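As a starting point, one isolated chain is supplied in structure tokens, in the form predicted on its own.
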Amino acid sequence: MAKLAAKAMAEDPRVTEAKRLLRETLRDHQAAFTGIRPPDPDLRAGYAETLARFAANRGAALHYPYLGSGMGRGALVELADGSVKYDFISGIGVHYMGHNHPSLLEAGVDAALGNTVMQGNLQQNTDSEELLGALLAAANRKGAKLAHGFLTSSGAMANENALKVIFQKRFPANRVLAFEHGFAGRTLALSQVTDKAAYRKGLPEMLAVDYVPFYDAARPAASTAEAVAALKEHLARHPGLHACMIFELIQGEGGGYLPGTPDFFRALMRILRTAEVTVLVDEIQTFGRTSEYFAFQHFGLDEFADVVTLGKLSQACATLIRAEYQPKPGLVSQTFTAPSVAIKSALVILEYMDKQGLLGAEGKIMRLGRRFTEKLADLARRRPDLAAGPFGMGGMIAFTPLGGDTDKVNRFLRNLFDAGVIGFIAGANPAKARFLLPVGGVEEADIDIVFPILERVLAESAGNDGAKDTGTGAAVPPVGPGKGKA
């Protein structure tokens, strides 16, 4: 049997040698990344000019003065001003493997050798089939019955596809249920679902959305009863008109990493089943950040998953559906589903998650989360004037700095950025500092290096030198280069 030309080229010794040389070259240049590094004085002026030019072209300054050089190692990333920082937000969850992971370098080479830069509805390569099969297998491994899926280029588009499929299935139902403070995206339709008025200011109303209060860990029974009552009230007020309820199992953007519980979700999902309302699980941010591939698996909700969306760390995003939700021809179709490099990278990341001990209650994801939250809990105990919390689990961690005042939290995070650690804001009243760990590129030793910097900057941001420590925590050293493995 003749060998495909593509396979022959992939196995060509010259390609193998080229990959070896690239890995070796990457390793040699990454040796310089040993910790935080300040900007190079000779690059400051040019960097500032580039930032100003970019701000003028886009009509607004960047949130952080961050323009990467294209190099890094694990959780460490180099900016174009020569500085090196610990990236603990990973592009709001995208850079799961950290920076310049060698396996993603090889995936990029393989993608470049393919003849299709962007794969889409009309022309897709065999790796699209492989990825979709792998995602369905991962989603169904604990009993879910997701039969089909669609690849796409963004998490927002994955949610848009989900809504289209559901509305067609549930026609003429035209309303959506969502949690208060939930986030679904910023497209024209999703901005209506996202519970933040600023994101839909000046936009026409596209969807009718009814909100249900989320779980409150301080009031588990009462908050569950309140959510159930609100859901029943909405269903009774608009009988037969709700197509779906969208579930963020751990509230991210709006909540600051607030998880629900299996009992809370089951109480709502059972009612939705009886009312024939679709359960849409939004895993754009939670995918790959708990003890399982999916948060619905972590919470044991497999039987209720009708439609599931995923994205961010997977590079290529997807909408997974039960067989009965298969749409009619023409409803879901895109010129571009994802670039080849994203599809090949997704396959590498899924394999890494499966084979490198990331999953499970004692897997790397949950261990990293415990290490970080234990330190934050100790800080909150010792310095309640500086911190409250923590919140989240696994690879999604947050805490409330300085009482949760939005301006103070933003000031702290900007100071932290200047000190060499990148986080981001989430939630409101109170606002929180959140972190999305680059699980494939970070170790517990990195958390040990970063945390004293975080505590020091937090105390400085509060105008306090840390002298009021009420516990036995170690003294907080000045910001300096870290030596931990990244």
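Nothing here was measured: the structure is a model prediction, and the numbers come from that model. Residues carry their position along the shown sequence, with the first being 1.
Note that the form predicted in complex with a small molecule isn't included here; everything after this is about it.
Of the residues T278, Q285, S345, Q119, just one reaches the small molecule in the model of the complex with a heavy atom at 4.5 Å or closer; this is Q285. This chain is drawn without the small molecule; in the model of the complex, the residue among F183, F399, F88, F296 with a heavy atom within 4.5 Å of it is F183.
Within this chain, G369 is remote from the site of the small molecule in the model of the complex, having no heavy atom within 4.5 Å. Residue contact check for E248: one or more of its heavy atoms lie within 4.5 Å of the small molecule in the model of the complex. Proximity of S154 to the small molecule in the model of the complex falls within the 4.5 Å heavy atom cutoff. For the chain shown alone, T319 is not a contact residue for the small molecule in the model of the complex, no non-hydrogen atom being within 4.5 angstroms. The partner is not drawn, yet in the model of the complex one stretch among 299 to 307, 377 to 385, 349 to 357, 183 to 191 has residues with heavy atoms inside 4.5 Å of the small molecule: 183 to 191.
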